[in-house]
Ligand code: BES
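Only one chain is shown below, in structure tokens, and it's the form predicted alone.
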Amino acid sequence: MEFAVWTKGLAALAVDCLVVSVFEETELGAEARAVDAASGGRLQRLLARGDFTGRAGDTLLITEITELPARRVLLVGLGARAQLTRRGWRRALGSAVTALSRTRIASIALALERPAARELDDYYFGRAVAELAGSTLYRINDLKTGKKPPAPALKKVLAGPVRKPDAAARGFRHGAAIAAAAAVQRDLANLPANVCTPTFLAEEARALAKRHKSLTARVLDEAAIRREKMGCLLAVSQGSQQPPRFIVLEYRGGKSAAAPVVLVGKGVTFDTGGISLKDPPAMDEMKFDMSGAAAVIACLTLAEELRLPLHVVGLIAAVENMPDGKAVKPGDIATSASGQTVEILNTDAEGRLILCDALHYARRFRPAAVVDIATLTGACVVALGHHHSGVMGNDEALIGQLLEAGVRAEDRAWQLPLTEEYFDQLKSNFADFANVGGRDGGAITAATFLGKFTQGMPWAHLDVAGTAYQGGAGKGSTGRPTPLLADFLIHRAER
């Protein structure tokens, strides 16, 4: 898709459609007033009749405006002027793109009144336009055999007004890359588990590295994983006929000696719970349990696309968690790659078992920062719902960077405590510690477990169980937290 800033008068632009805003007070935005004047007052007459109220997110397409080269105008409601926020503006933009996607409109000129520059400057304006256009036009990669609906026609977006065209152009480029990366995550996560296996993820990583010289991929098969003594990872995978894979995807865009940012992704391509079997309702959604792995692959594609001057390493522990006769049992003890022993009291707490070995593997890179991404706990969904990802860790500066990135990207996270008291819940009579600590503070005790394998490394943990996908009628991957991680990497590259 092509993005650019419009510079001459909006009403004079020869595009398929103009997109302008209306407030609830039936007040036209500044650019909409110019369009209204050029059309002989047609917009004001429509508002005077009460045909459009400007309610937030509402849209109305007006056609056959013969006085304008564009011939069509889309009115977009922004709600009350005094209550306009960046979040509300983004929602209105998403509603506009959704409405346009139902038409064969191929080019638009966008002029939505926006909040103050301190909330949405020209860079973030451009980034939001490109990112939201891409994410809204995303079509789920279904395997239906019927005739596919036509792809959205929208291919060109002119947006404005802006004071700093260069900043907006940079925003367009970054926003388009973020939308493309999120689409990578969504495509992988939406695939059924009989297609997206650990081996499939490994082959995707290899194919990605083959296409881009700045990326390298190394895949450890089961024998190599065993040589690395990843006993906790192997304990999870032993109940499945699908062999595990450990994927190392590396991007070098900075100085060769630069300490890397290491992203660690949970790649459980399907999670039955193992012997601690999950309830059948919504178990099909456990194909999304590799969303952390998909986000890592997405972020490496983004780093390559934007040529970020960073060294980024992606580590993915890819397994299935199944309940056959060889499956690990509650009470079994596994020895992690770090040498610490774990009593596995609940086989459905498998994500932390594969992540602990992956986090230990990260040490060999002497990382500047380690961030793991995992659909780890239902407890995090109970605590935060589906609005915020949970973030915990041992480095307040790193946690702060992730929180700030989430605010800027409108992909928010919320910090939960991670103090030594929670470790008491993981005590075991038979091993160094157990893999679960009861229902109380379940998201925190899961992170506490991971913290036992990250001492000495700057580390943060993102629990995205409530944000990476949605169920119900709109079932599918959301692409989160790729926007948060993208902003984190972009700002880290700038520093």
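Residue numbers here begin at 1 and follow the sequence given. It should be emphasised that the depicted structure is a prediction, and the values quoted were computed from it without experimental measurement.
Keep in mind the form predicted together with this ligand is missing from the figure; the text below concerns it.
Enquirer: Classify Arg226 as contacting or not contacting this ligand in the predicted complex by the rule of any non-hydrogen atom within 4.5 angstroms, answering yes or no.
Expert: No.
Enquirer: I'd like to know whether Tyr469 contacts this ligand in the predicted complex, with contact meaning heavy atoms within 4.5 angstroms.
Expert: Output for Tyr469 is yes: heavy atoms within 4.5 Å of this ligand.
Enquirer: Report whether the minimum heavy atom distance between Glu350 and this ligand in the predicted complex is within 4.5 Å.
Expert: The answer is yes: Glu350 has a heavy atom within 4.5 Å of this ligand.
Enquirer: So in the predicted complex, does any heavy atom of Pro309 sit within 4.5 Å of this ligand?
Expert: Looking in the predicted complex, residue contacts with this ligand do not include Pro309, since no heavy atom lies within 4.5 Å.
Enquirer: Consider the chain as shown here, without its partner, and state which of Ser101, Thr341, Asn346, Gln415 has a heavy atom within 4.5 Å of this ligand in the predicted complex.
Expert: That would be Asn346.
Enquirer: Find the only residue in Ile62, Ala34, Ala56, Val436 having a heavy atom within 4.5 Å of this ligand in the predicted complex.
Expert: Checking each option against this ligand in the predicted complex, the one that comes within 4.5 Å is Val436.
Enquirer: Using a 4.5 Å heavy atom cut-off, which of 171 to 179, 265 to 273, 296 to 304, 231 to 239 contacts this ligand in the predicted complex?
Expert: Among the candidates, contact is made by 265 to 273.
Enquirer: Would you give me the residues of 358 to 379 that have any heavy atom within 4.5 Å of this ligand in the predicted complex, in order from first to last?
Expert: The stretch 358 to 379, when checked against this ligand in the predicted complex, contributes Thr375, Leu376, Thr377, Gly378, Ala379 at the 4.5 Å heavy-atom cut-off.
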